[in-house]
Ligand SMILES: C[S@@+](CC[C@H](N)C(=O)[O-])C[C@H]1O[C@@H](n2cnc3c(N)ncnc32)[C@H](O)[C@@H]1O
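This document opens with one chain alone, in structure tokens, the form predicted alone.
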Amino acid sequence: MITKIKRRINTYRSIKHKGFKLPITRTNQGLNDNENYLNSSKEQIDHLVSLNLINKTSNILDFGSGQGRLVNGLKFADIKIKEYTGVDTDLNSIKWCKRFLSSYGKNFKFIHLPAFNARYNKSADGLQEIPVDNDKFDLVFLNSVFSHMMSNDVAFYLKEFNRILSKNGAVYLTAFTEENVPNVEENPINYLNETNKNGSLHRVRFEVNYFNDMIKKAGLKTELYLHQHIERSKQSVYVLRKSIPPLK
């Protein structure tokens, strides 16, 4: 109860660091230090730029946007884009973003998606389609989102990404993927030295071929795969493109 009250209070508070508005209570694991918080996002922004996935005409969907870490990264890196839409199932995070980050510009929007997740939104009922138009986004970005979802949820949202991507759009996602492990496993014991004491869906790991098959069934194809590319979390990076309409 105390934790819930604390989070509710912090929905209405922020701190400033180098002129940026940052959350006090953070949903991003291991990023309590303000400098690390900003730099972790800038590193991914720099990677997106190096892969030519983002520019001043980009329309970006940040799926699992949390408390707007990517937004602050865009500002910190001084990257101009056309439009940003942040989507998250955690209502408190969306409230915080609307209160403190909407001032960054009218092209920054935040949407609450009341979908079920055993870690972040237990009170919801089932999965929800993303409330945006078809063929709209040049980039769908998700960092450490599929690491907190089981197979059915991942398959559902991969198909949603196919629907909302523009013709030449891309998905940039991170996930725990390894060879020669069970197809999907919630909180695998001793994986990456984790003690498995962090609750439901803390770390979901996929067998890489199994994960690739879900991508294919969603009508997407892998353009780039970097195993354990994210140094902080050891998550792998995928860049996906449209291939065919999702298989029914």
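In this text, all values refer to a predicted model and were calculated from it rather than measured experimentally. All residue numbers refer to positions in the sequence shown, first residue = 1.
Absent from the display: the form predicted in complex with the named molecule. The rest refers to it.
K.L.:
Among 64, 144 and 157, does every residue place a heavy atom within 4.5 Å of the named molecule in the predicted bound form?
P.N.:
Heavy-atom distance to the named molecule in the predicted bound form: all three under 4.5 Å.
K.L.:
Does residue 148 reach the named molecule in the predicted bound form if we count a contact as any heavy atom within 4.5 Å?
P.N.:
Answer yes; at least one heavy atom of residue 148 falls within 4.5 Å of the named molecule in the predicted bound form.
K.L.:
Considering non-hydrogen atoms and a 4.5 Å limit, does the named molecule approach residue 178 in the predicted bound form?
P.N.:
So residue 178 does not count as contacting the named molecule.
K.L.:
Is residue 132 close enough to the named molecule in the predicted bound form to count, meaning some heavy atom within 4.5 Å?
P.N.:
Close contact is absent here: in the predicted bound form, residue 132 is far from the named molecule, nothing within 4.5 Å, heavy atoms only.
K.L.:
Is residue 89 part of the interface with the named molecule in the predicted bound form - any heavy atom within 4.5 Å?
P.N.:
Yes, residue 89 sits close enough to the named molecule in the predicted bound form that at least one of its heavy atoms falls within 4.5 Å.
K.L.:
Okay, which stretch from 65-73, 49-57, 181-189, 214-222 lines the named molecule in the predicted bound form, with non-hydrogen atoms inside 4.5 Å?
P.N.:
Checking each option against the 4.5 Å cut-off leaves 65-73.
K.L.:
Exactly one of 115, 164, 77, 81 has a non-hydrogen atom within 4.5 Å of the named molecule in the predicted bound form; which residue is it?
P.N.:
In short, 115.
K.L.:
Please identify the residue among 100, 120, 108, 172 with any heavy atom within 4.5 Å of the named molecule in the predicted bound form.
P.N.:
Contact check passes for 120.
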